[in-house]
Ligand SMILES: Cc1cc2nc3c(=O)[nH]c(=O)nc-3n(C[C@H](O)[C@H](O)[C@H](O)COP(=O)(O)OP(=O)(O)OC[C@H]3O[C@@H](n4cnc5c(N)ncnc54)[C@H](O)[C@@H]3O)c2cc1C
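Only one chain is included here, represented as structure tokens and corresponding to the form predicted alone.
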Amino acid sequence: MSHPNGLPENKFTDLLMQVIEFRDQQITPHVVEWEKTRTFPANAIAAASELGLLGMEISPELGGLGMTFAQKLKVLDVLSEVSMPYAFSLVNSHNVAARLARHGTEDQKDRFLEDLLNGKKLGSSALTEPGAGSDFSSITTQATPEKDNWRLNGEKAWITNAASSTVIVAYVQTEPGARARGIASFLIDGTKAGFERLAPYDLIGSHAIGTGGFRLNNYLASNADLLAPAGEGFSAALATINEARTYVASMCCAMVEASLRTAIDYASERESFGRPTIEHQGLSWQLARVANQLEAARALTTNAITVIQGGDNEAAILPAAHAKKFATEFVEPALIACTQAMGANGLKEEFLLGHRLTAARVTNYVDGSTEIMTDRIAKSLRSTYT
């Protein structure tokens, strides 16, 4: 939940400068290495706690910074300019802490919140399963009541931070066949018996997201671990989906803007046929198209941010879908255009264009696929335009 006033402008500006310094010292030098070695940078994510970034939207009374949603996105943009996977991992752990702060019991907060805020533990939200993705209500991981406890069995897949997270909000079915009305959520302790962590996936890139899965093998959860009861888990999972779709769109914009700056700088210095390559119309028009689409993506994202901060979750569904669809569809060709403008030099790892390109592919799947965004927009056509 965003805080209406957020940080005072001068304090937020100072913090943003600290975030830039943190990024340039602790993230930028390691991005290529993380990809080459398929490393999940848990320590680097935990280090962000020194600036309070694992509690950006959480109330200061609970140990957070009390940012607005828009302020949080500016921080994520700064990080995404260098590594969207890092920023995505960080915000997903933050989201678990934020959910606990808003909806957790005092006991749950006492057990987990401080460790999430100081980076001693990382968080994950576990919805997806090997056989259930966009159709979230079809999950089959089952919770069976047992006196004052529950037995949990099933497998989760494609989970952000699964490489090392130990505080997990897991969504499970309490009544097979009941779909949404049977879904509940539990807080899972990844260090307890019955939790089996699976190896992180071998992906084409974006290893800083720590994507993987886990199995629950007769995992014993108490009633004290219940975060959202049956009938409320489904709606709880989707309560902040518009925010997630909007920050993914914003991350796409940040990746493109950083790449466009790199391409323009390069083309301003590189000469061909006696003049800087940016003075050749073919190249400058190519980058002008990127700039034009970036402005459009930013406008859609800003509109979604405004609606979200207004507090009407229902009204935010369509703006968030428009922002994410447009941004995730333009980010790959935009990055390719920036790479092409640099010639073969654009392929060098030091420019991070390849890193951003694989991250751009990831954005098409997380927090609702591009097809789901299209479907949301399609279902609104008659009510919006007639």
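Start at 1 and count along the sequence shown; that's the residue number. Not measured: the values here are computed from a predicted model.
Form predicted together with the ligand: not shown, discussed below.
(Q) Using a 4.5 angstroms cut-off on non-hydrogen atoms, would residue 15 count as touching the ligand in the predicted bound form? (A) Output for residue 15 is no: heavy atoms all beyond 4.5 Å of the ligand.
(Q) in the predicted bound form, does residue 75 come within 4.5 Å of the ligand, counting heavy atoms only? (A) No - in the predicted bound form, heavy atoms of residue 75 and the ligand never come within 4.5 Å of each other.
Q: Examine residue 112 and determine whether its closest non-hydrogen atom to the ligand in the predicted bound form is within 4.5 angstroms.
A: The answer is no: residue 112 has no heavy atom within 4.5 Å of the ligand.
Q. With the partner left out of view, is residue 133 within 4.5 angstroms of the ligand in the predicted bound form by any non-hydrogen atom?
A. So residue 133 counts as contacting the ligand.
**Q.** the ligand in the predicted bound form: contacted by all of 40, 89 and 196, heavy atom 4.5 Å
**A.** No residue of the spot touches the ligand in the predicted bound form.
Q: Name the single residue among 108, 174, 277, 125 that comes within 4.5 Å of the ligand in the predicted bound form, judging by heavy atoms.
A: None of the others qualify; the residue that does is 125.
Q) Between the options 266, 158, 150, 234, which residue brings a heavy atom to within 4.5 Å of the ligand in the predicted bound form? A) Looking at 266, 158, 150, 234 one by one, just 158 meets the 4.5 Å heavy-atom criterion.
Q. Pick from 292 to 300, 258 to 266, 207 to 215, 180 to 188: which stretch has a heavy atom within 4.5 Å of the ligand in the predicted bound form?
A. Of the options given, it is 207 to 215.
Q: Using the arrangement in the predicted bound form, list in sequence order the residues of 340 to 373 with any heavy atom within 4.5 angstroms of the ligand.
A: The stretch 340 to 373, when checked against the ligand in the predicted bound form, contributes 362, 365, 366, 367, 369, 371, 372 at the 4.5 Å heavy-atom cut-off.
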